[in-house]
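The chain below stands alone and is given in structure tokens; this is the form predicted alone.
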């Protein structure tokens, strides 16, 4: 930080500065990512061979699955994308001095950290949650595991995201710099606005669902008890009515960050910008609530509903395809510089296409019935969401590292971490497609009925170790950059976007007391015009 900025422990704890709050979201989300990654390693070690490997208790395995899924989504991806990136970057990109409600912003941060603490209690309570990240009844109602801890963790994280969403939407609408018209907004801003809109609409549905489970188990309610007139399918519909839109809460800021990276390192305007905003981002918001039933194809729903939802699931690939065409088109004719952030940008495109193309057969009810709840589905959603969005988070963090820290990271360490990550992903999840097609069910503690799959499971576990080595390399590169990295210039990437038109790192008020006025002929991707500063 600048010399006049206090950086003690107290200042960080009580801060309302959007940049510091964004960095604290980053610290929390990376902590959650490492915890979730440890759970993934334990899961893969257990599946290394037939029979019990590192535990003989299936409930312990269920706890690992619960922690891995819930923490990866609720503790890592959503907070990193809508907490770290949105908080740090959005006010800078629109020329604002801070967010609209700084204290509400701090409150949302500490709710998130409270959720992280609740998740960590899983390791110390005598009856840890074992309900996966979905919390399906009737198991979540009859299990001896602590379903209340699961429900409260989800609710606290949900309140955090609602508070953050209200704040960032108000900031984008009302605090743009003079001259910052809607048509001049970065793609990242559009995606953040869309993601928080989805979040505000659908998070209350998830909160209602987990609260109903809480009432069923601890207060004797019968929402999901068929013997008393309830229906477990009510929960599944409520859960996925939120959780599939949550895919786009994660996807939209992630792909928005990739757009910023690709445009900067290609020195190109975003291809078909308006089509990508309105036909891609806008249409996703409109139809995201119409595609949840493909998660329930095997649950006994009426055939007409399956057919309808099959059509809407296929339809949503159109706006996603528009965004991907826009990304690839931005590369065309560009003067591409393959720095570490750009490697993650191109890696995202490749990994996401693998996930998206394998999702098309899963949208077809007749095909999905054959592979539903197998490792094929696990491989698909890791490619399309878990891995691709992690690429976006890692690439975006490298991209913002000079702005955040005032120092440069090591390109050698950065590139090494990327290639290890990419190789590990394809070794782990590429082979998982074949295991799934051979019938390996997901969530199974053992697979003695499939002894022929043991060698492929060993390959997947080796791939997970490669990913772990990649994560260690990435963390070392960041720590090395913070401690010994070269001093960063204010705009090391030569970007035309507004966040780079200030010091690295920015001081209080973001722009050194300047009042930002955006010229009529400016836009954040004007690489075809001579360089200018505001």
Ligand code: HEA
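Residue numbers count along the first chain shown, from 1. Computed from a predicted model, the values in this text were never measured in an experiment.
We do not show the form predicted in complex with this ligand, though everything after this point is about it.
Among 263 to 271, 108 to 116, 175 to 183, 293 to 301, which stretch has residues with heavy atoms no more than 4.5 Å from this ligand in the predicted complex?
-> It is the stretch 293 to 301.
Distance check, residue 352 to this ligand in the predicted complex, heavy atom within 4.5 Å | It does: once this ligand is placed as it appears in the predicted complex, residue 352 has a heavy atom within 4.5 Å of it.
In the predicted complex, does residue 87 have a heavy atom within 4.5 Å of this ligand?
-> No - in the predicted complex, heavy atoms of residue 87 and this ligand never come within 4.5 Å of each other.
Partner proximity in the predicted complex: residue 77 to this ligand, non-hydrogen atom cutoff 4.5 Å | Yes.
Heavy atoms within 4.5 Å of this ligand in the predicted complex: does residue 476 have any?
-> No - in the predicted complex, heavy atoms of residue 476 and this ligand never come within 4.5 Å of each other.
Within 4.5 Å of this ligand in the predicted complex, do we find a heavy atom from each of 13, 490 and 498?
-> No residue of the spot touches this ligand in the predicted complex.
Heavy atom within 4.5 Å of this ligand in the predicted complex - residue from 363, 148, 233, 163 | After the contact test, the surviving option is 363.
Tell me, which of 93, 313, 122, 326 has a heavy atom within 4.5 angstroms of this ligand in the predicted complex?
-> Filtering the options by heavy-atom distance leaves 313.
Counting only non-hydrogen atoms and a 4.5 Å cut-off, give the residues of 27 to 46 close to this ligand in the predicted complex.
-> Heavy-atom contacts to this ligand in the predicted complex: 33, 34, 37, 38, 40, 41, 43, 44.
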